[in-house]
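Heads up, the chain below is alone and in the form predicted on its own; it's given as structure tokens.
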């Protein structure tokens, strides 16, 4: 018994529908998505480096990973607030959402720098 052709067709149809739905996404949301992917991949690179080299300056490792993950979480919050289809934040201007993002990033990185010592 091999793979049924319907499973392959279903997977292709799913990818095609996801691609067509994402192509309708506004450019500013795609840029935020790329930023989130970059932040998460940077955290993963740091974890791989820790696994290969070691964890001598463990505070530095924790600071780096928490900085990347925190930045990704704040970027996801920004994406939610900037999205025009989201009805909860329809009265919030995008400039205010970006100002909140910048302020929260500033506080996050001040805490991270304090944690470094």
Partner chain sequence: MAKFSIATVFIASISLLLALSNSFSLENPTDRRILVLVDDLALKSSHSIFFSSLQTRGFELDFKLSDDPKIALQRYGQYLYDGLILFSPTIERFGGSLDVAAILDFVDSGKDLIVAADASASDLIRNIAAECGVDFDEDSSAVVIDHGSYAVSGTEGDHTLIAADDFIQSDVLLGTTKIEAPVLFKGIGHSLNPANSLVLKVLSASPSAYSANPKSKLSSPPSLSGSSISLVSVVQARNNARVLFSGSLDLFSNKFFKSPVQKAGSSNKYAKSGNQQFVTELSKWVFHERGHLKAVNVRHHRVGETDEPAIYRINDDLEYLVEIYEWSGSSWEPYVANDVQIQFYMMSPYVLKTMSTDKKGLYHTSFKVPDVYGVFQFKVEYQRLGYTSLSLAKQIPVRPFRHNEYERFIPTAFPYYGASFSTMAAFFIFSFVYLYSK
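Positions refer to the first chain, counted from 1. Predicted model only: the values in this text are computed from it and were never measured.
One more form of this protein should be noted, the form predicted together with its partner chain, which is absent from this view; the next part is about it.
Asker: Contact check in the predicted bound form: 21, 37 and 89 versus its partner chain, with a cutoff of 4.5 Å between any heavy atoms. Do all three pass?
Answerer: Heavy-atom distance to its partner chain in the predicted bound form: none of the three under 4.5 Å.
Asker: I'd like to check something about residue 16: if you look in the predicted bound form, is any of its heavy atoms closer than or equal to 4.5 Å to a heavy atom of its partner chain?
Answerer: Contact with its partner chain, no.
Asker: Give a yes/no on whether residue 96 approaches its partner chain to within 4.5 Å in the predicted bound form, heavy atoms considered.
Answerer: So residue 96 does not count as contacting its partner chain.
Asker: Given that the partner is absent here, does residue 11 sit within 4.5 Å of its partner chain in the predicted bound form, heavy atoms only?
Answerer: Residue 11 lies outside the contact set for its partner chain.
Asker: Quick check on residue 41: any heavy atom within 4.5 Å of its partner chain in the predicted bound form?
Answerer: Result no; residue 41 lies far from its partner chain in the predicted bound form.
Asker: Taking its partner chain in the predicted bound form, which residues of 22-50 have any heavy atom within 4.5 Å of it?
Answerer: Heavy-atom contacts within 4.5 Å come from 28, 31, 32, 35, 38, 42, 46, 49, 50.
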